[in-house]
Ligand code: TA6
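A lone chain, given as structure tokens: the form predicted alone.
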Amino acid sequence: MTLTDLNTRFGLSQQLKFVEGPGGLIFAEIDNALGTAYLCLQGAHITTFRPKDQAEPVIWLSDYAKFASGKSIRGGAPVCWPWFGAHATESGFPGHGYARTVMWEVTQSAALASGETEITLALVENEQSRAQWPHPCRVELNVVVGRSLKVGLITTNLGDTDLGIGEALHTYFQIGDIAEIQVLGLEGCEYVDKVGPVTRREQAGPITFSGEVDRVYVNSESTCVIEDRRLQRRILIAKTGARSTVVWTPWTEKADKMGDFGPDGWRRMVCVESGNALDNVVLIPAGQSHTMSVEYSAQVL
């Protein structure tokens, strides 16, 4: 679908328009009285979000992010589907699945009475994706942009046998400084620590940061809160249908090796990812759907 087609069918006056962005990728640009966001049709990837009452974005995008066909973007809210992390048996398959690097198609848009803007996209299968995931299903991402950002990932099993999936929104949040924040809401939760030898531990108190952190917290649907003293705000992450939370910062050495963080970009972000991984992979019965929903909002500290 061309830009003209997209704007004719799904554009919403000043609230929603489709534009060509870096690398020739197509973006939905959403700007209403409550908030702004950009969403790349490749990967259904929300790259930025800022409520109008916030000076700083809530969703972080690297200044050094690379935009190219078939490549993931550093920052934003990548969609990890239909597996999280490495594939269970095929080492050659992409980490976190293929959904974040293939095209999605816009299926619906609406200007809501609340002043929010809604857009829905569906994953487009291709020959390569079917080779990696030969299971009939429909995958949709519903996004509502306003004072908060609401995201729903819906998987419908179109087959005649049960379907198991892993999934996550690998969301990067903008912060003042990684050494000055803490993450609340996971106290007492069991987690898998992936830094060094993989171990299982229990979280004691808030999560703070003084080095690389890569943890998968399991069996919790609690709301998480990022307390940011430098930016004087809380970011709230409220989820349903998601029983895992991944907390990640690469810290300096790993970020330098990745090449798209820049000299100190890692200090201005933290990932708090809502999903279903490890113990919490989801089994979807034939003919049924599973929805994972997350709402991101910010308030003064």
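Being a predicted model, the structure only gives us computed values, none of them experimental. Start at 1 and count along the sequence shown; that's the residue number.
The form predicted in complex with the ligand is left out here; the points below concern that form.
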*asked:* Let me test this: is every residue among L153, R243 and H290 within 4.5 Å of the ligand in the predicted complex, going by heavy atom positions?
replied: no
Assert contact residue (the ligand, in the predicted complex, non-hydrogen atom within 4.5 Å, options R147, H87, K71, K194) equals K194
Students should find that, of F67, W248, Y38, W251, the residue having a non-hydrogen atom no more than 4.5 angstroms from the ligand in the predicted complex is W248
Answer among 202-210, 135-143, 169-177, 218-226 for heavy atoms within 4.5 Å of the ligand in the predicted complex: the stretch 169-177
Q.
So in the predicted complex, is the ligand close enough to A33 to count as touching (4.5 Å, heavy atoms)?
A. no
Considering only heavy atoms, tell me if D214 and the ligand come within 4.5 Å of each other in the predicted complex. yes
Across 88-121, the residues having a non-hydrogen atom within 4.5 Å of the ligand in the predicted complex turn out to be H96, R100
